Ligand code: NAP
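As structure tokens, one chain now follows by itself in the form predicted on its own.
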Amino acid sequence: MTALKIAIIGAGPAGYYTAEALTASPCGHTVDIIDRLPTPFGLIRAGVAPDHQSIKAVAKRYTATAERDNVHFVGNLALGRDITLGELRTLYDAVVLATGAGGDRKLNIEGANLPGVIGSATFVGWYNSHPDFTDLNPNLHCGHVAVIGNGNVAVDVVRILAKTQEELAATDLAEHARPGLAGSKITDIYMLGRRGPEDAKYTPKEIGELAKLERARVLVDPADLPDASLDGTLEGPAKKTVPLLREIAANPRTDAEITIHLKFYARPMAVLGEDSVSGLRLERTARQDDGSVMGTGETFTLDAGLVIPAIGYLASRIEDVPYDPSQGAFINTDGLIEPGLYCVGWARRGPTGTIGTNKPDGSEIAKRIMDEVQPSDKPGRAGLDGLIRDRGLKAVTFRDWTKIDAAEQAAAKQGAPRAKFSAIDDMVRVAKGD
């Protein structure tokens, strides 16, 4: 088979796993990975919690792919701003959308638009140095915070809010977030789920970390937990998380600066406040025989000066690409949007699975492309380079990225792995040696 010229939009895990599978072929396919940021690796850099450095180590695998002769990273090139999807399709035999799901699923209740309601994608981006969220100024001087959701992202947010300066020192937490978190006045963090503990999506590792925080205690109401005799019927993460929660409930700490309240069977009904958030009104729910939950009609309120919904992510829409708002992903058939246009990862299936889930997904899409797409005389990278040159754009290569990487590591303090740039202009300046 003659080599194909393929563009992948998005330099996160899905993009790199797809590129890895495509370029493993002996046919010599060439892949250009395009991203609007000057930095590769997507949520590995800007989504994974800064205190989970072992997870971020997967970037070494993506680096190995990026350094292949037939793979090129083209950073600081934004779809819709610098180039259109239509233009890319005239340059390449196939285009793959690996744009992830970077938008917050909205909390659809009264008061959800009040200042002080900050989606988890935005909040995580703020403490992870994502350039879009550098100027966020979350209210960390309030006493109480409510985090809505029972997944790993919710736990990450709770953990970062509860950690001490010393616990955060050896992380790549955004430098602009350190003063605010260090001066936090938070005493109580509520993590709220409308379902019970057996339906929670977090992993045992994540929930276990909360119980080991230096200055925080975790409270769980034993009445919310299923009877221990039912543990043998539990499935998935609940096999380990429910017994762990039972252990936490039976041995609460009495001395702590911060209390983490894991509250189940609590459905948010309204965000309270006039000019800004002052609390939440919730309805108690009850588990039904079929495993669903229903409202009981009993309501209660919680004080909160900051509300962080962690209820899911949405892929960003792209002009002329069919989109399913219910899934938060592009409409596709097994990754195919239309001939020559594909999607992969969260852009394909919505925000489900782990980082590793993207590997078989990328391999599947790579195989489809190689089976379905015929090579042409389209210019590929040569055409893209000409367009970049003609428009005076400052695209960042992978070699350029290594300069940013080195500068961040050199600036690290107190045992941190790096001090990340959060401004695109600064990254480009370092990348280009200006």
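Bear in mind that the values here come from a model prediction, so they are computed numbers and not experimental data. Counting begins at 1, following the sequence as shown.
Although not depicted, the form predicted together with this ligand is the subject of the following passage.
- Among heavy atoms of P222, none comes within 4.5 Å of this ligand in the predicted bound form.
- For the chain shown alone, N152 is a contact residue for this ligand in the predicted bound form, at least one non-hydrogen atom being within 4.5 angstroms.
- Not displayed here, this ligand is kept clear of G80 by more than 4.5 Å at the level of heavy atoms in the predicted bound form.
- In the predicted bound form, no heavy atom of R45 sits within 4.5 Å of this ligand.
- Residues of just one listed stretch (134 to 142, 70 to 78, 311 to 319, 326 to 334) have heavy atoms within 4.5 Å of this ligand in the predicted bound form: 311 to 319.
- Put simply, of P268, P197, G362, G119 only one has a heavy atom within 4.5 Å of this ligand in the predicted bound form, and it is P268.
- Think of it this way: in the predicted bound form, this ligand has a heavy atom of just one of K201, H176, R287, K263 within 4.5 Å, and the residue is K201.
- Shown without its partner, the chain has W346, P351, T352, G353 in segment 340 to 371 as residues with a non-hydrogen atom within 4.5 angstroms of this ligand in the predicted bound form.
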